[in-house]
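Next up: just one chain, as structure tokens, the form predicted on its own.
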Amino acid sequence: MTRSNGEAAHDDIRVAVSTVIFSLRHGGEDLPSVVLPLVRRTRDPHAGQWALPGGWLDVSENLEAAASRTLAETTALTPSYLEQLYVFGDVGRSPSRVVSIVYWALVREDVASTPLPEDENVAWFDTADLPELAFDHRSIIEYALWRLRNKVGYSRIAHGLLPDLFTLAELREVYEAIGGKRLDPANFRRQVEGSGTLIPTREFRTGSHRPARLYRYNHDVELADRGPLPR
């Protein structure tokens, strides 16, 4: 049977899975920085430039499994939150025809502070000071940041950057870091305590200031609303 040109071209399309993985990093008195790991390419195209961690989709692999696998192989990180972001498939984004299914993920700061694989080709970067990036990865990161900043206002996604127990000040700091501005502590407390997403515990964090109550996330409320989709 003779195939049409469209069918023949279809054989040349490759599918990749990449992940934009965000975390926070404290540094001095300013707001924490939103950071992400990048991988330096060791071959053409774009050899020597930095890129998002990722790899080719295996024919027997589910998409989310591929995202987790490629993250583990390139960065050894296990995210606390993982969601499909978008599909990028412009014809000119790569010398060969490549469609990238991009996920975005969150990693807690304590996890992000663990050493990356002993490889000079993997490193953390501040999203406000990115190096030259391969392909269309800068646009992908900018889109992921936009999604993060918008979603934090109506979902519980900020909890993906926190430990199991946290103070309201720590939660507010996550919102501030993502939004890039300070929030009024009293107004923030009223909003989150009335949201139904937090459960106060009987534990407190002590230090140089007055003890601060620890909260935990209400797991009866999903971290992200996926509706009837399987988890």
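Counting begins at 1, following the sequence as shown. Just so we're clear, the structure is a prediction, and the values are computed from it rather than from any experiment.
Missing here is the form predicted together with the DNA; even so, the following discussion is about that form.
> Going by heavy atoms within 4.5 Å, which of 167-175, 35-43, 66-74, 52-60 lines up against the DNA in the predicted bound form?
Result for this chain: 167-175.
> Consider the chain as shown here, without its partner, and state which of Arg25, Arg14, Arg213, Arg216 has a heavy atom within 4.5 Å of the DNA in the predicted bound form.
When the DNA is considered in the predicted bound form, the option within 4.5 Å is Arg213.
> Is Arg190 part of the interface with the DNA in the predicted bound form - any heavy atom within 4.5 Å?
Arg190 belongs to the contact set for the DNA.
> Is Asp30 a contact residue for the DNA in the predicted bound form, using a 4.5 Å heavy atom cut-off?
Answer no; every heavy atom of Asp30 is more than 4.5 Å from the DNA in the predicted bound form.
> State yes or no: in the predicted bound form, is some non-hydrogen atom of Ala186 no more than 4.5 angstroms from a non-hydrogen atom of the DNA?
Taking the distances in the predicted bound form, the answer for Ala186 is yes, it comes within 4.5 Å of the DNA.
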